[in-house]
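Just the one chain here, the form predicted on its own, laid out as structure tokens.
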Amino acid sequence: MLIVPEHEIADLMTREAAFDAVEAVFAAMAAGQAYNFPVVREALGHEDALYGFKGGFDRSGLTLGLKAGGYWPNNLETKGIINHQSTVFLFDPDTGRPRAMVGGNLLTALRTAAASAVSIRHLARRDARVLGMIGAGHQAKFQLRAALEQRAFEKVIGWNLHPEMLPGLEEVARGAGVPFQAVELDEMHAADVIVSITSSFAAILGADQVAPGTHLACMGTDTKGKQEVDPALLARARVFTDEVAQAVSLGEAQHAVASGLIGEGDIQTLGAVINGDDPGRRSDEEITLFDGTGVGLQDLAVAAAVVDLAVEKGVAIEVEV
């Protein structure tokens, strides 16, 4: 079995490689060549932590495995390590033997950012110039870097519940040569693309705070009860997701479906757009929304890519099992 430690990931996986891996697995899912296993996600009753498993099998890439991990909200403050902790395990689909164990923290951040970037690439208007960010935590910086590469953005506007965290986003934007402005939520109406990445359990962005023609990537809702936007916004938008069943059960769509504002049949997969089976955006006035719930196959795709790179560069550790 091969081990790729967390500290090696930054030198192996690029945003471009993560984008390619996630885009390919979305396409494989839509083509029926890859599927996710049911998600297990539970509150431990210890350290206020959420822990779970996401896994799947991609026949086209012969990738089988799971990611184990979750969210420990006290980590950063009490232990000086990030709150999200995870590890990816890959198995040989021909024999079931373990193939690799890969540090999953940076990979999770990169694949989550890649998923929203793929949605922007395929669904945002070509003339999008203003990027809005809702949320300014650890993951938001990854989201911003990846999003800025998808269009010729001329300005970034940002909102966060704790505005003192926004300078972190401003640093990323200015590093990319794009001006940044802190705004109130009503001013999100000026954005052509909005990325939300929070841990909220109540709607933050209202339906009337989004302009026609906007593309939204809602990336924070991945658990029952979590919510970032008004369900009425999904009723106004054409909704896309990574996996429909997961979006309805634990994604942003859970609230709109429960309220009867949309049905499961109103939600399309982003993979169908990538494959050319769905037109995606149909007009410059249409609001598009990507409900990024985060599927296990994304983790497996980027982990498999990083294992190949680790072997190529001679940094993978081989152990007997």
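The structure displayed is predicted, hence computed values, not measured ones. What we label the rigid core is the largest C-alpha set whose atoms superpose within 1.5 Å from one form to the other. Numbers for residues come from their place in the sequence shown, where the first is 1.
Omitted here: the form predicted in complex with a small molecule. The next part is about that form.
Although the partner is absent from this view, His138 contacts the small molecule in the predicted complex, with a non-hydrogen atom inside 4.5 angstroms. In the predicted complex, none of the heavy atoms of Thr214 sits within 4.5 Å of a heavy atom of the small molecule. Using a 4.5 angstroms threshold between heavy atoms, Val178 stays clear of the small molecule in the predicted complex. In the predicted complex, the small molecule lies within 4.5 Å of some heavy atom of Leu161. For the candidate set Leu148, Ile157, Leu90, Ile204, a heavy atom within 4.5 Å of the small molecule in the predicted complex is found for exactly one residue, namely Ile204.
With the partner omitted here, the residue from Gly61, Gly280, Gly70, Gly294 that has a non-hydrogen atom within 4.5 angstroms of the small molecule in the predicted complex is Gly294. Stretch 215-223 is the contacting one of 122-130, 215-223, 229-237, 92-100, since its residues have non-hydrogen atoms within 4.5 Å of the small molecule in the predicted complex.
With the core held fixed, the Cα of Leu50 is displaced between this form and the one not shown by 2 Å or more. In this overlay on the rigid core, Phe180 has a C-alpha that sits less than 2 Å away from its partner position between this form and the one not shown.
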